[in-house]
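Quick setup: one chain, the form predicted alone, written in structure tokens, and binding and motion questions come after.
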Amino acid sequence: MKAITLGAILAVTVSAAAYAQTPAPTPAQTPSWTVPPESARCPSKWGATDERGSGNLMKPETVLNAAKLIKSGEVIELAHVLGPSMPFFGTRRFDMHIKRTFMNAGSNERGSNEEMVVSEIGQVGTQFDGFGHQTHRNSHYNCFKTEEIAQRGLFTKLGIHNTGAFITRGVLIDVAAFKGVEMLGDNYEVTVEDLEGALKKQNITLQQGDAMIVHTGWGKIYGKENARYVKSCPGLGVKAAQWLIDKNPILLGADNWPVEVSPNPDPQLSLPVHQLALVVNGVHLLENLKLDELASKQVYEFAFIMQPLKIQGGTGSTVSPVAVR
């Protein structure tokens, strides 16, 4: 029988002690939200071939109801200026090159100036997300498949050119004011209770077809603290977004870059409200709104007017919406 040395005994003892101190693997946690299966979300409530989603709520009576809200004729612009000082998410860019004066033939010596823009024109500045923009795996709104609708130059389905104009009742939900601050914290998650509290304070009730717009105050640092602006932001949580979606909005908007809170409190999730709104429910998102004037004047109900660019097969559009009261 082979003798066991003291050194061998010590080695085994030390090895066993080290193993005992090694923490056991943490079991994977269940994500706080998952994308519903296609069988639960397709076809959409507007039919298997529908490409307009919440845009179907645009009807003549929607326009007429919005027009009734115009009392003074005051127009408040809700878009930031497009330019090099904008905050950009990721590798997006906006480069404008001026084509200086050239003289046309004719005795009147008519000069002309133009510009050429190189940009993700649907995804910079105050921007409107279409249904080609987001997927769950390869599945878009109404279960259109990316490989079936995406070509080199455009999407053959779900293009932003299908969206049409928006003239509807707009509602500002001033969560920052409800919380008693000018700007919510860098990653504050807006809750259902926040939305209900703000609406109660404002004495406003949501209606089907509203443009439902959330004021977080985050727009105050747009163009001023751009690195902070895109690093994180306060915004809607999944439950709050679902609560609004259940009210049948024509769109959801906010004064931040994704409408929702970022990063999500659940580290396993990447911008889930984008999928919840655009992919699952066919509700458009409107990002990077300029809401300071609306909030300071306490304009909570107004006629909302917006026309996306007719970019054939585009995933979104830079827009310049206005509020009229």
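Not measured: the values here are computed from a predicted model. Position 1 is the first residue in the sequence shown; the rest follow in order.
Keep in mind that the form predicted together with ligand UVW is missing from the display, and what follows is about it.
Partner absent here, but in the predicted complex, which of 124-132, 216-224, 169-177, 98-106 has residues with a heavy atom within 4.5 Å of ligand UVW? That would be 124-132.
is_contact(residue 243, ligand UVW) in the predicted complex, heavy atom dist at most 4.5 Å: No, residue 243 sits far enough from ligand UVW in the predicted complex that none of its heavy atoms falls within 4.5 Å.
State yes or no: in the predicted complex, is some non-hydrogen atom of residue 272 no more than 4.5 angstroms from a non-hydrogen atom of ligand UVW? Flag for residue 272 set to no.
4.5 Å heavy atom contact, residue 51 to ligand UVW in the predicted complex: Residue 51: no contact with ligand UVW in the predicted complex.
Answer for residue 231 alone: is it within 4.5 Å of ligand UVW in the predicted complex, judged on heavy atom distances? It does not: once ligand UVW is placed as it appears in the predicted complex, residue 231 has no heavy atom within 4.5 Å of it.
Which one of 92, 247, 239, 161 is close to ligand UVW in the predicted complex, taking close to mean a heavy atom within 4.5 Å? Checking each option against ligand UVW in the predicted complex, the one that comes within 4.5 Å is 92.
Can you name the residues of 254-287 that have a heavy atom within 4.5 Å of ligand UVW in the predicted complex? Contacts from 254-287: 257, 258, 271, 274, 287.
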